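There is one chain below, alone, in structure tokens, taken in the form predicted alone.
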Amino acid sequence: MAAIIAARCGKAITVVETRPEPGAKIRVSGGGRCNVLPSRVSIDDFHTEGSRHIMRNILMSWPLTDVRAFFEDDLRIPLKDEPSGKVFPISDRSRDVAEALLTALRQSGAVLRSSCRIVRIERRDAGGFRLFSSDGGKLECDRVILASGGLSLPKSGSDGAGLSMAVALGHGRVPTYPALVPLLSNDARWQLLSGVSLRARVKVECDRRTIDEAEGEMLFTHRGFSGPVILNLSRYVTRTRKVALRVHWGGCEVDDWSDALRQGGRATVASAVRRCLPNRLAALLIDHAAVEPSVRLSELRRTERDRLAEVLSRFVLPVNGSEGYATAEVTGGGVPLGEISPRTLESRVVPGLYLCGEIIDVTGRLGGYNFLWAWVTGRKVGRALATAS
């Protein structure tokens, strides 16, 4: 995006790509469909350790409707909205998005050097930069854009090298962590639920205080927990690991479950819980509460009913880590927002160095928000270079 915008304005742009072809993350996103944008956006859809005001100003510099128009009218990619709030190409082919961007890149006049890995950037005494590649080559330039991503999905070529180069040039670094990542459990009982999914509300607690919550689909995997509600809250676990994820199964509070268990009459515990939850999950939770599944609700002792209601409505997930950068959809942390100009995204530390995308300390939630951040910041850098002398 940065190269397309700048090259269209007559700037001599070279894109240096580690892989044989750019766009690996585009091709694998959305299960191969590419969730190119969200259908709506709010500042609350993003997180940064820096200034939310700066983050908001950057995001709002290219309104969502205009970003969508660029893809539909300029790149000629028909888009569709889905009930989930996600926007996909009508073709449901992520390669259509990657190929449209590559076509626009070629038509802009920019030069693409693929299969070329930059390993070091030096500032020249006379100004500008000298880039060194892994094969011993050198590239001289007046300005550098670091659009190298974070550390997530390293097979795509995004392995943190660009972030290391920024730090080597003098930038600080907000500690990085995998975000939008499945969580792990070493409790084998939960792994037996692999493939089960349901709607749940999950609260993040720190020192018994709720600091965030979300509701949505939750999925059990052969290693732990996933699904949108888990992915969106995973950053709290990967940042500190000093939090608890408390699940309200079925989205119900303790009073809701207490009432349901009290009013069930001759129904058994198992049949009552299975009305609301998948069978395997219901059996596990009943066992965890140490309640006999075949006992009638009318025969439950109050202590048993209260214990079961607590398990059903305030259960702490047995989480002991995450799948890490290998499967994380995005990297949290990165170059601090305060170290770049909010108007141009030029480094305040290294004049002539620009940063965009995931390398900056801004992380969006699931649903096309991290792509939106990439498109908006790429365009902002491209426009800044277009007017630079």
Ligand SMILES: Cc1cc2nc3c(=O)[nH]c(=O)nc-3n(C[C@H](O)[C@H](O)[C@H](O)COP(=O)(O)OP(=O)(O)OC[C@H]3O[C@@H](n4cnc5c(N)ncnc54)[C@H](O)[C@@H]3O)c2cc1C
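The first residue of the sequence shown is number 1, and the count goes up from there. These numbers were taken from a predicted model, which means no experiment stands behind them.
Not pictured, yet referred to below: the form predicted in complex with the ligand.
- Although the partner is absent from this view, L345 stays clear of the ligand in the predicted complex, with no non-hydrogen atom inside 4.5 angstroms.
- In the predicted complex, none of the heavy atoms of I54 sits within 4.5 Å of a heavy atom of the ligand.
- The ligand in the predicted complex is approached by G157, whose closest heavy atom lies within 4.5 angstroms of it.
- Residue contact check for L353: none of its heavy atoms lie within 4.5 Å of the ligand in the predicted complex.
- Picking from 65-73, 316-324, 345-353, 22-30 the stretch near the ligand in the predicted complex, with a 4.5 Å limit on heavy atoms, gives 22-30.
- None of A328, I340, V41, I58 but one reaches within 4.5 angstroms of the ligand in the predicted complex through a heavy atom, and that residue is A328.
- Contact with the ligand in the predicted complex, judged by any heavy atom within 4.5 Å, is made by just one of C141, M165, L105, L198: M165.
- In sequence order, G368, Y369, N370, F371, A374 are the residues of 364-380 having a heavy atom within 4.5 Å of the ligand in the predicted complex; the partner itself is omitted from this view.
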